[in-house]
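Here's a solo chain for you in structure tokens, the form predicted on its own.
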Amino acid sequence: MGQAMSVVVAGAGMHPWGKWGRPFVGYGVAAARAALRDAGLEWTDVQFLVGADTIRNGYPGFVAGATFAQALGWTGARIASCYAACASGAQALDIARTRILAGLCDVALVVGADSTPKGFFTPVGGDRPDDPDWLRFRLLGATNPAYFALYARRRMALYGSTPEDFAAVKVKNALAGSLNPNARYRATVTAEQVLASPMVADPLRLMDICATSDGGAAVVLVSPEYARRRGLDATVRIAAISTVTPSFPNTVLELPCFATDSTAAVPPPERTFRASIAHAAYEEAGLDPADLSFAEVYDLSTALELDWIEDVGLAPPGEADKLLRAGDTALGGRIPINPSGGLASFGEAIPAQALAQVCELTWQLRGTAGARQVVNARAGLAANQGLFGHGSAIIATV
């Protein structure tokens, strides 16, 4: 893509994750103000605001751009709102980046925040027999952890991963999270504690599965010319944003579906959906996995982190466990995975989580991540995905 087609991450800010029990707007405003402070800009400098939507919080959640703009104070700024489940933050970022690259604005603020109910996510209210998300709960009783368990069982069957491997992922991420002031869970854990926690969806135990959380994250993007003119920190640039969809036939079950496409008439694509998400980002950035210093991946469960390490090309299929056991994916290892602590330490605040990953990329690449700093970080990738085929991978570089 090159420097001429990149945008600068001028500011990153978060509201700490937790279960605070307050409206989501406050978390988003706090994150936005923190990001603006980090950038050395004022809200009145912002020309375009994109809100990542949260469908659990009524009309304010569905029109997050306007909600945050009003809460920060009407200024006449242009806005957009977008919903893409867990990819909402990445798509919001892509909208802001596109507007800057089109020359339509110089300063964009992207905000995501959520207030979540206690327990696991449930479908939005009402009867919708044409909605796969509603159907999988109503027909199958399949909560998100049921899918996480299916993926874990698949990994065990294909590659021989063990519950002890999964527990080791939690131990690693909890240590990183203990060093992150924005994380919800700040305590280190032992493998024995993980393996003794209650069974939720066999083989995954409570400490294998991410929580649902309240939290917020925000990013300020500016054009390189604006950064120069204002003397802003232009260390970190967005090199790629991938929002790809699956290719037919989709041969690996994706939440919330309960069937795959048939390969009776059409051969499977070269890459699975998750692998294609990162591949598109590498192509756009002109990089490959060997260029990464670290990665933030979508650890909805401990087992899923191992899958994602392979999906983003950092290990061949079935080999992520070896990296884990060798300490390569830990802080101080060859390729740290989830140095923020990951969803294991944060939980899910859906519209905020892709933006939270970009905050971590920014702080790591600036060298300001403190005790969890990745040495000589030059490029980082953040990957997740949203329900219904929403890809999300972001590469940031110095």
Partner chain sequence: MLPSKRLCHIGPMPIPAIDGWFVVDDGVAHLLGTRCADCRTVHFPPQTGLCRNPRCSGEDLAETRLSRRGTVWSYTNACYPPPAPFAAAEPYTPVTLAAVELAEEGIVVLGQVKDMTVDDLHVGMELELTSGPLADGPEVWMWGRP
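Numbering follows the first chain given and starts at 1. Quantities reported herein were computed from a predicted structural model and do not represent experimental measurements.
The form predicted in complex with its partner chain exists for this protein as well; it is not shown, and the discussion that follows is about that form.
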Just one stretch in 210-218, 225-233, 121-129, 71-79 has heavy atoms within 4.5 Å of its partner chain in the model of the complex, so which one is it? 121-129
Residue contact check: residue 154 to its partner chain in the model of the complex, 4.5 Å heavy atom: yes
Does residue 264 reach its partner chain in the model of the complex if we count a contact as any heavy atom within 4.5 Å? yes
Can any non-hydrogen atom of residue 282 be found within 4.5 angstroms of its partner chain in the model of the complex? no
Can you check whether residue 187 is within 4.5 Å of its partner chain in the model of the complex, heavy atom basis? no
Honest question, do 103, 240 and 293 all end up within 4.5 Å of its partner chain in the model of the complex by heavy atom distance? no
As a check of understanding, the residue in 117, 160, 198, 181 with any heavy atom within 4.5 Å of its partner chain in the model of the complex should be identified as 198
In the model of the complex, the residue from 244, 142, 194, 323 with a non-hydrogen atom within 4.5 Å of its partner chain is 142
Which residues, if any, of 299-314 lie within 4.5 Å of its partner chain in the model of the complex when only heavy atoms count? none
